[in-house]
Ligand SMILES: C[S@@+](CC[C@H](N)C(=O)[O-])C[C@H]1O[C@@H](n2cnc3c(N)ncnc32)[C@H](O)[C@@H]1O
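Shown below, as structure tokens, is a lone chain in the form predicted on its own; questions about how it binds or moves come after it.
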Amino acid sequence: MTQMTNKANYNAISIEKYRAKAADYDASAQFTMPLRRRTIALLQLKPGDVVMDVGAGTGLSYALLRDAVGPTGRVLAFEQSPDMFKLAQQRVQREGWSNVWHQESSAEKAALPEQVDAILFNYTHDISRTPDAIANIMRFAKSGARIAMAGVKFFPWWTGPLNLLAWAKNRPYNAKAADLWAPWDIVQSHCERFAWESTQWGMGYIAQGRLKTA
């Protein structure tokens, strides 16, 4: 019962955090747009691919993903924040994108209409640190699906107090703000040929891998 309560609390905390940030999210995310583009490029998307946007927020990655998969591909996404999802819906309606499918759902409960060739985790820390969420996401990935991630991490341990900066950067957005030593490792456990590198002077990372083949 306690474990289930904690999961519900984490999701509720996350929803509340993004309620206050939704309106200004796109403007604040411009700083990391080059990193978003770089992470999407790691997916090596091609026309006709189906790609999952995990915790899609306001749908800021939709246009980039659509450009990569073309009119014959599809973008499938989910977002649990009602405030963020509302903005994503408005974006899709405004642009008239018929090949974007998305739903308002937590990662643990999301149910996609088809299997995907690739998965994007762009600054989805709480999801990446939740085993049940990752297990559910991987149910919808084809064997060998390409995976790319970006997010915040701690500096090396020997930097000591400098990691307060990473924690402070993560705390306004995530319920699991202190879980930053290897925030990719749950996803990595599902992958083969996984690699990561530091970004943002050591406070961030990007990673890529492939889902283990059946």
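Quick caveat: nothing in here was measured; it's all calculated off a predicted structure. Residue numbers here begin at 1 and follow the sequence given.
Although it is not shown, the form predicted together with the named molecule is what the next lines describe.
**Q** Using a 4.5 Å cut on heavy atoms, which of Val50, Ala56, Leu65, Met149 is close to the named molecule in the model of the complex?
**A** Only one listed residue qualifies here, and that residue is Ala56.
**Q** Can you tell me which of 68 to 76, 93 to 101, 120 to 128, 138 to 146 lies within 4.5 Å of the named molecule in the model of the complex, counting heavy atoms only?
**A** One stretch meets the cut-off, namely 120 to 128.
**Q** Any of the heavy atoms of Lys169 lying within 4.5 Å of the named molecule in the model of the complex?
**A** Residue-level check for Lys169: no, no contact with the named molecule.
**Q** Given that the partner is absent here, does Val116 sit within 4.5 Å of the named molecule in the model of the complex, heavy atoms only?
**A** Contact check for Val116: no, nothing within 4.5 Å of the named molecule in the model of the complex.
**Q** Tell me, yes or no, whether Ser14 is in contact with the named molecule in the model of the complex, where a contact means a heavy atom of each within 4.5 Å.
**A** It does: once the named molecule is placed as it appears in the model of the complex, Ser14 has a heavy atom within 4.5 Å of it.
**Q** Answer with yes or no whether Tyr205 is in contact with the named molecule in the model of the complex, where contact means some heavy atom within 4.5 Å.
**A** No, Tyr205 is distant from the partner.
**Q** So, a 4.5 angstroms cut-off on heavy atom distances: do all three of Thr39, Phe154 and Arg193 pass it with respect to the named molecule in the model of the complex?
**A** No, because Thr39, Phe154 and Arg193 lack any heavy atom that approaches the named molecule to within 4.5 Å in the model of the complex.
**Q** For the stretch 78 to 93, which residues lie within 4.5 Å of the named molecule in the model of the complex by non-hydrogen atom distance?
**A** Phe78, Glu79, Gln80, Ser81, Met84, in sequence order.
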